[in-house]
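One chain comes next, on its own, written as structure tokens: the form predicted alone.
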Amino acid sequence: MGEIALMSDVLELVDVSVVREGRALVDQVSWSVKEGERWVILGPNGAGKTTLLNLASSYLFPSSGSASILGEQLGKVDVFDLRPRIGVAGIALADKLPRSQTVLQTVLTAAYGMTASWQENYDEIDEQRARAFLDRLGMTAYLDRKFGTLSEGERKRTLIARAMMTDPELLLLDEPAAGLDLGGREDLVRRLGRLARDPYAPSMIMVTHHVEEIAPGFTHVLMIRQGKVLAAGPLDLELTSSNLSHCFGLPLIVERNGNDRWTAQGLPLT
């Protein structure tokens, strides 16, 4: 039997701490994400979830420890070569995009690493890709709508399509369902589930506060509290009432229903 060449981890953090003004935002975190895995990061506000995502996107460097993304170690790689290989969809990006651009332009500009459109002549293949991603996210009817006029859900779906445009090896989703009403959340979760179950989709990491937002097809969970990892591993093993209670600091009951969806609720006060 010949040797099987092992792919390097998509993300590997070894004893990573990020310290700001004497406070550890994440504290000696070790975590690895393998190719094809779909991770959800759960934790209360201020736990360090966004810090982990900023490390994974190469926009933040460890104060100590080592971080490798797509086989490249932060501090030893030109991040501008690395970043096109990472798709990011989050609240922070929405504020940087021109409100007057159409939905199609908003997605197309990602292919050129820009937020603004300065060139009208995009390759036809890029336009076809942009239309295909938008269609997959239910945005075909909105191609000519101005980004600034979209609802929160429409904007989130546009940003995910945009993040896919560079054909990333790693897709990072920062609270994609935040601010959505029930219908908008369920629509987005359904679409994320379709993406998560696609074997050709990139490895994925999603930050959320709510187990109800975990789409079918997600495989792993990392729970973080006060900068420290409490649990990390397959959803089936680690998303337990005990772990979640510890993570959020109050007694919680987690249930999984037949549709591969999760719910959590607090125990009634006696």
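Residue positions are given as counts along the sequence shown, with the first one as 1. Quantities reported herein were computed from a predicted structural model and do not represent experimental measurements.
What comes next is about the form predicted in complex with a small molecule, which is not displayed.
- A residue is said to contact a partner when one of its heavy atoms sits within 4.5 Å of a partner heavy atom; P44 meets this definition for the small molecule in the predicted bound form.
- Proximity of E175 to the small molecule in the predicted bound form: non-hydrogen atoms within 4.5 Å are present.
- Interface residue remark: H220 is not counted as part of the site for the small molecule in the predicted bound form, having no heavy atom within 4.5 Å.
- Within this chain, K49 lines the site of the small molecule in the predicted bound form, having a heavy atom no more than 4.5 Å away.
- In summary, the region of this chain contacting the small molecule in the predicted bound form, judged by heavy atoms within 4.5 Å and restricted to 63 to 71, 211 to 219, 236 to 244, 49 to 57, corresponds to 49 to 57.
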